[in-house]
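Below, in structure tokens: the form predicted on its own, a single chain.
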Amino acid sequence: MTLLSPAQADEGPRNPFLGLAAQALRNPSVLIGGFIVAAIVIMAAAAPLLGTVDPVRINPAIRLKPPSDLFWFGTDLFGRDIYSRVVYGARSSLMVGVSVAACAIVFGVAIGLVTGYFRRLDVVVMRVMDGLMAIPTFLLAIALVSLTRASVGTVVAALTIPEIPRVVRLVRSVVLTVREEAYVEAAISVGTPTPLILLRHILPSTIAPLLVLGTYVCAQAILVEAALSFLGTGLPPEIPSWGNMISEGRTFFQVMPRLVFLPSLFLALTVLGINLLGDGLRDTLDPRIAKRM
């Protein structure tokens, strides 16, 4: 019988998830990025409470007004409240970014698991993925929006398709490595059904890299959506979005730079926070980087 010292007895059983969370919180990138992302998410969720004026209400009589007690950031060329549009713009950007990341991960994981596990499908599927990766995201998005009606669903679909091959290649690489592990070979030898092997033994190994990749996909989708809206091929003009605001305010940029500066500032902060959070998660979840740190 092994006796524990008083210090060991006080520690009790260690939870690996708590240890991983504590390690992540010691990373400055996670702290700063998490704080920025949390602030933007709270702003988007509380937009009806934080917004002072209806963001889509047009009032030509008060167009291009300076900041005041009622209009904190002033009004745009259509007389709409800039502050309310910036707050509601966070909803549009986060909705597009999170939707694209979630859809890309769902489809990419399903295709990557099957492709990596069944070798006969690998060559055909990966050539299709290589073909999709060769299509520029902007051109594909512009083509889809031009062929269909501009909407949130069209933009999400146009941004999801180019991101699926990235997820597929990542999941496939993990599956090819994990499939050779002893516990997977043992599960195969005892006749474990293939779907159970994929879900129970292989899928958990992809969670950590997918979390990191998901942050980058989300940030990339937010940037591309803003660029498409700036070009007039993104979200419909009536939807408050940072890209639409930048596009509408560029005409008066020299005399009223706040029309472009304010939405650009929140767009940059959001992308910066997501990227910092992704870098911190990568440093925490990658054993080689964590060991060096």
Partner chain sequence: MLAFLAKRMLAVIPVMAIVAVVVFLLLRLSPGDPALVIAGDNADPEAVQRIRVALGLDQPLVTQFWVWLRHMLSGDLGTSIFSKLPVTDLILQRAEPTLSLALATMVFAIGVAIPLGTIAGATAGSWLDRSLMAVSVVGFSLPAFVLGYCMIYVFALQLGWAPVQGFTSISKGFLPFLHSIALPALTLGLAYMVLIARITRASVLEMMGEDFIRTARAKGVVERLVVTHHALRNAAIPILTIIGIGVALLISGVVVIETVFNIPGIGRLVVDAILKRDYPVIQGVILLFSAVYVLINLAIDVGYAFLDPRVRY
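Positions refer to the first chain, counted from 1. Just so you know, these numbers come straight off a predicted model, no measurement behind them.
Although not depicted, the form predicted together with the partner chain is the subject of the following passage.
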Exercise for review: Look at the stretches 137-145, 114-122, 204-212, 178-186 and give the one with heavy atoms within 4.5 Å of the partner chain in the model of the complex.
Suggested key: 137-145
Review point. In the model of the complex, does R250 have a heavy atom within 4.5 Å of the partner chain?
Key: yes
Review point. Is there a heavy atom of L272 lying 4.5 Å or less from a heavy atom of the partner chain in the model of the complex?
Key: yes
Check your understanding: Does L132 make contact with the partner chain in the model of the complex, using a 4.5 Å heavy atom cut-off?
Key -> yes
Check your understanding: Would S68 count as a contact of the partner chain in the model of the complex, using a 4.5 angstroms cut-off between non-hydrogen atoms?
Key -> no
Study note, to complete from the structure: Heavy atom within 4.5 Å of the partner chain in the model of the complex, from candidates V109, A157, L223, V87, belongs to L223
Revision key, fill the gap. Interface check vs the partner chain in the model of the complex: of L31, I58, I42, A227, the one with a heavy atom inside 4.5 Å is A227
Revision key, fill the gap. Restricting to 230-262, the residues within 4.5 Å of the partner chain in the model of the complex through any heavy atom are F230, L231, G232, T233, I246, R250, F253, Q254, P257, V260, F261
